[in-house]
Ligand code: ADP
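In the block that follows, a single chain appears as structure tokens, in the form predicted on its own.
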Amino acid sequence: MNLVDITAIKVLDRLKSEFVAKVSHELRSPLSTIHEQLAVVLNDMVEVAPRDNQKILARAKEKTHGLISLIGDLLDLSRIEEGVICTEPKPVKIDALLEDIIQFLQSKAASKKQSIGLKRLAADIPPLQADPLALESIFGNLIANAINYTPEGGTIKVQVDIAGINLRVKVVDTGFGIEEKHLDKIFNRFYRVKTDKTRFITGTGLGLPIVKELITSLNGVVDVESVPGKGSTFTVLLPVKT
């Protein structure tokens, strides 16, 4: 039997995570300032600047927003790796939390003329003992993805019920769908499915990996079923602790 000392590997991995977290933290503040300043400039230029100049600045604003999202995702991953997420479980009414997320994203869905809503499939949904911020990140990512990858006029349904000892949440959309060859890779970091229909959708490729790692930390599982051209269903099972 060969014994390998992995102490050095663990130290390097920890230093890498600390470096990513430090750089990400230092970049977020100036990028947020640039994003806000671009928004102010664009607002002031609406009636006086040439359209081409407005497009250039709008593109810059969009790119800084993408970088801010990437930094936020990297910080979330660093916190997950350090084990500082899901450390303070509280009783959470999952149906109320889902309602709040849907309400927050309602304007985004409305801008695409989409229908979005929550359906309770059980008479009594028990509270879930979990970190509220982790749950917000999980379902916020899944519902936002459903909106992003569903064309105008589509439908997003969020369903919640009980399956045995688990609380079950399904996010069902009528979006572009995912080919079977991609389904086992979409939870890999930085992996993005790019087609003619989705290549203009911005993203970091970290949302679903964060979802998967948070669900795993809560002793749950996530599954996806999808049909290209018809939509996707993401199912999350989380154990109810009584």
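For clarity, every value in this text was computed on a predicted model and none was experimentally measured. Residue numbers run from 1 along the displayed sequence.
What comes next is about the form predicted in complex with this ligand, which does not appear here.
S.K.: Hey, with this ligand in the model of the complex, do G117, F139 and Q159 all fall inside the 4.5 Å heavy atom range?
M.R.: Zero of three within 4.5 Å in the model of the complex.
S.K.: Quick check on K212: any heavy atom within 4.5 Å of this ligand in the model of the complex?
M.R.: It does not: once this ligand is placed as it appears in the model of the complex, K212 has no heavy atom within 4.5 Å of it.
S.K.: Contact between K197 and this ligand in the model of the complex at 4.5 Å, heavy atoms?
M.R.: Because no heavy atom of K197 falls inside 4.5 Å of this ligand in the model of the complex, the answer is no.
S.K.: Does R192 reach this ligand in the model of the complex, with heavy atoms at most 4.5 Å apart?
M.R.: Flag for R192 set to yes.
S.K.: Considering non-hydrogen atoms and a 4.5 Å limit, does this ligand approach A130 in the model of the complex?
M.R.: No, A130 is distant from the partner.
S.K.: Looking at 161 to 169, 101 to 109, 146 to 154, 118 to 126, which stretch has residues with any non-hydrogen atom within 4.5 Å of this ligand in the model of the complex?
M.R.: The contacting stretch here is 146 to 154.
S.K.: Do any residues of 171 to 187 have a non-hydrogen atom within 4.5 angstroms of this ligand in the model of the complex? If so, which ones, in sequence order?
M.R.: D173, G177, I178, I186 sit within 4.5 Å of the partner.
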